[in-house]
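First, one chain by itself: the form predicted on its own, in structure tokens.
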């Protein structure tokens, strides 16, 4: 596939992270008008810049797990902690596929299928750089709790689990909340490519497109992070409120209803972070396909 961008894939990935956090409003998330407690807008900017080394590794053909771990380590070098772990999990294989000239669902799925046990070990070690909100694994998979970091390596090697295998366990768990980021890995990033197409078909400033993309994605299905922190019922309620807000935004042509929802979610401590991850990935694909900035 011919690239449509004047920037390299790694540069577009860094730009996508910057555009994602600057898109406003993003109900419940940090944006250029809202901070969340100890998480501030400038920390996301610093995390975006810090991730660049790992993104360049991915573009140069480094193994996905090693490039991801390097990106997370760089991202963590700001005072806010975890700003973009999930974004980088999606972006790393996408950047690798783009650099190979195959930024398609089939191309990125092939890259995910090619991951190894070493990639899985590197992924787990990335958890040692930042605190990531994840649900408790079932008792049968206690040894694979991602929060164990490198201590999980023996279990990964004993079961010969590749990084894609690990994603498959999270995408379709025996119990608990399915992780939509993991589902993207297993399903060829279908949501990401659809969202990118919608961004390209939209009009107006890119940051407004990013805000509308966020609201559309939040209205489409429950957010994994909200479900992990507040329960599945709360995640469904957030989805329904996003649907109603999206209707109002599309009816009025104004983002004002989304501003109201943003204020409400911040007050309630609702943070749909997994949805933001997918917006960053979609912005990357859109930039690679010619989105002008």
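Quick caveat: nothing in here was measured; it's all calculated off a predicted structure. Positions refer to the first chain, counted from 1.
Missing here is the form predicted together with a further copy of the same chain; even so, the following discussion is about that form.
Engineer: Look at the candidate spot formed by 238, 251 and 265 and say whether a further copy of the same chain comes within 4.5 Å of a heavy atom in all three of them in the predicted bound form.
Structural biologist: Contact check failed for every one of 238, 251 and 265.
Engineer: Thinking of a further copy of the same chain in the predicted bound form, which stretch from 28-36, 220-228, 252-260, 60-68 has heavy atoms inside 4.5 Å of it?
Structural biologist: Of the stretches listed, the one contacting the partner is 28-36.
Engineer: Answer with yes or no whether residue 243 is in contact with a further copy of the same chain in the predicted bound form, where contact means some heavy atom within 4.5 Å.
Structural biologist: Residue 243 lies outside the contact set for a further copy of the same chain.
Engineer: Even though the partner isn't displayed, in the predicted bound form is residue 234 close enough to a further copy of the same chain, meaning a heavy atom within 4.5 Å?
Structural biologist: Residue-level check for residue 234: no, no contact with a further copy of the same chain.
Engineer: Can you work out whether residue 79 and a further copy of the same chain are in contact in the predicted bound form, taking contact to mean some heavy atom pair no more than 4.5 Å apart?
Structural biologist: Contact check for residue 79: yes, within 4.5 Å of a further copy of the same chain in the predicted bound form.
Engineer: Heavy atoms within 4.5 Å of a further copy of the same chain in the predicted bound form: does residue 99 have any?
Structural biologist: Result no; residue 99 lies far from a further copy of the same chain in the predicted bound form.
Engineer: Could you run down 54-72 and flag each residue that has a heavy atom within 4.5 Å of a further copy of the same chain in the predicted bound form?
Structural biologist: Counting only heavy atoms within 4.5 Å of a further copy of the same chain in the predicted bound form, the single contacting residue of 54-72 is 56.
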